[in-house]
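Shown here is one chain on its own, the form predicted on its own, set out as structure tokens.
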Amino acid sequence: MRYIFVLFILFSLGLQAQDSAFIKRIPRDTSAMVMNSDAIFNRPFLVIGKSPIAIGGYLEANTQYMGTDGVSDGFSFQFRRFTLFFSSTISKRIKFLSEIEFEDGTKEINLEYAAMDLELHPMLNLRGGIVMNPIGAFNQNHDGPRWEFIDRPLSATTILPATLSNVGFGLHGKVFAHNMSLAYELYFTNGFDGKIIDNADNRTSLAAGKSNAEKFEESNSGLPMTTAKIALKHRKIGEIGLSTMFGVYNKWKMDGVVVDAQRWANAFAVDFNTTIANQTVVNGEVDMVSVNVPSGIAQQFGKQQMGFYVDVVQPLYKGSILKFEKAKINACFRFEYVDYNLGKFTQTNGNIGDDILAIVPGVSFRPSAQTVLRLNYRYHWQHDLLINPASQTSGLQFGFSTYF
């Protein structure tokens, strides 16, 4: 039934598309000092007539040919995600936004966001519902059309579990002064579950721990998880953000009886972005995780993890291309590293492996600001637990992403 509902909406939009007065696009705000915390609302929406509801979305699709140590599974097409978002201004200071994502066709269907904002003051706003945990920049600002790369950063998706959202409530706000803006967010939500250390990856994984099917109904630990972020932006320099997330992930009490110690999972992230000489965009993120792993568990489950990525995007041409009046061609490069286990073997005191180092050069073509065609070459080296010679994976990826 839900698919019929979605198709009906899209069909209705198609029928009305001929009347430009009936359907109006709300463009992204490019004049204000927009920060990562604004990304959830700063999207292109369509308003239908005088309806209080605006609709938008994006999709991502690509093809790739990848191989590891000379062995390849061949050529594949991938439909990675299709996302719909709906927003409504209920009254002058009450807003609602929801986001539904279909991943890998319909393999996974997730309600990623569904929250109401009550604006009391620029520095004091209440938000409740299914909220996006503001850990790192990518989790807040992850829409495919905003990125020149087909793959999402490893550190943001496998060290931190982007995209991560939970049911809860909290506060957020922003203040401006001259060329500066300061923003904060603070949320209390349900958290992870025991899959952090009981998963098919056979390693410590916050990403595995976010998949609790009951996380929108109850907290696995009976305690709230806290996520907090503060970010500072200078109009001419860029933005830097500091964020943290912590909470108990295990079921330590059953029917009022304590059955285990409280085991904490903690994360910390530093993110930044800047523009050099008004054209070269540099952004990145450093992510760190520590988990209270039960004693006696296999050493492949790390107590500490870390990762980072740095993206550089250099415009090569801006102007008219094939009748696209404001087209852009960009060169891009990503350098990223993740270490899933920063520990040492107790028997030998030698370092434990399980890390990936990757480089991703590429080129992108933007016929408009809302659409990007991407060609990436990915090459990464991966060490196993014993730090044997690294396996090498490489290949070409070509795809597109667009708002609609």
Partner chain sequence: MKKKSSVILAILILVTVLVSCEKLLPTPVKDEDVLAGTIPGLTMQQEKLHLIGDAAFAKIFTTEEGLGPVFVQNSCSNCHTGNGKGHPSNVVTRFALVNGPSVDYLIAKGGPQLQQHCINDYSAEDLPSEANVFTKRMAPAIMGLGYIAALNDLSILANVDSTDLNADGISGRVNYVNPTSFFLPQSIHVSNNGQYIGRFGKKAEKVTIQDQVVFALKQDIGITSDFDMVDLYNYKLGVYTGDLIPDPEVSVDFVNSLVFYMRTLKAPPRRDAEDADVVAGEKLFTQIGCVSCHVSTFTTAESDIAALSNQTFYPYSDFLLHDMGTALDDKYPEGSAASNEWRTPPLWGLGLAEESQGGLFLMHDGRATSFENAISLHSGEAASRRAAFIALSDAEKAQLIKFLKSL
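Positions refer to the first chain, counted from 1. All values reported here derive from a predicted model rather than from experimental measurement.
What comes next is about the form predicted together with its partner chain, which is not displayed.
J.: Which of 332-340, 61-69, 34-42, 48-56 has heavy atoms within 4.5 Å of its partner chain in the model of the complex?
T.: Every other range fails; the passing one is 61-69.
J.: May I ask you to check whether L375 falls inside a 4.5 Å heavy atom distance of its partner chain in the model of the complex?
T.: Close contact exists here: in the model of the complex, L375 approaches its partner chain to within 4.5 Å, heavy atoms only.
J.: Is there a heavy atom of G194 no more than 4.5 Å from a heavy atom of its partner chain in the model of the complex?
T.: Judged by the heavy-atom cut-off of 4.5 Å, G194 is in contact with its partner chain in the model of the complex.
J.: So, in the model of the complex, is Q382 in contact with its partner chain at a 4.5 angstroms heavy atom limit?
T.: Heavy-atom contact with its partner chain at 4.5 Å: absent for Q382.
J.: Just to confirm, E112 within 4.5 Å of its partner chain in the model of the complex by heavy atoms?
T.: No - in the model of the complex, heavy atoms of E112 and its partner chain never come within 4.5 Å of each other.
J.: Consider the chain as shown here, without its partner, and state which of Q300, T89, T280, N266 has a heavy atom within 4.5 Å of its partner chain in the model of the complex.
T.: Only one listed residue qualifies here, and that residue is Q300.
J.: Which listed residue (S98, Q314, T244, N202) meets the criterion of a heavy atom within 4.5 Å of its partner chain in the model of the complex?
T.: Selected option: N202.
J.: Sequence order please: the residues of 91-118 with a heavy atom within 4.5 Å of its partner chain in the model of the complex.
T.: Read in sequence order, no residue approaches its partner chain (within 4.5 Å, in the model of the complex).
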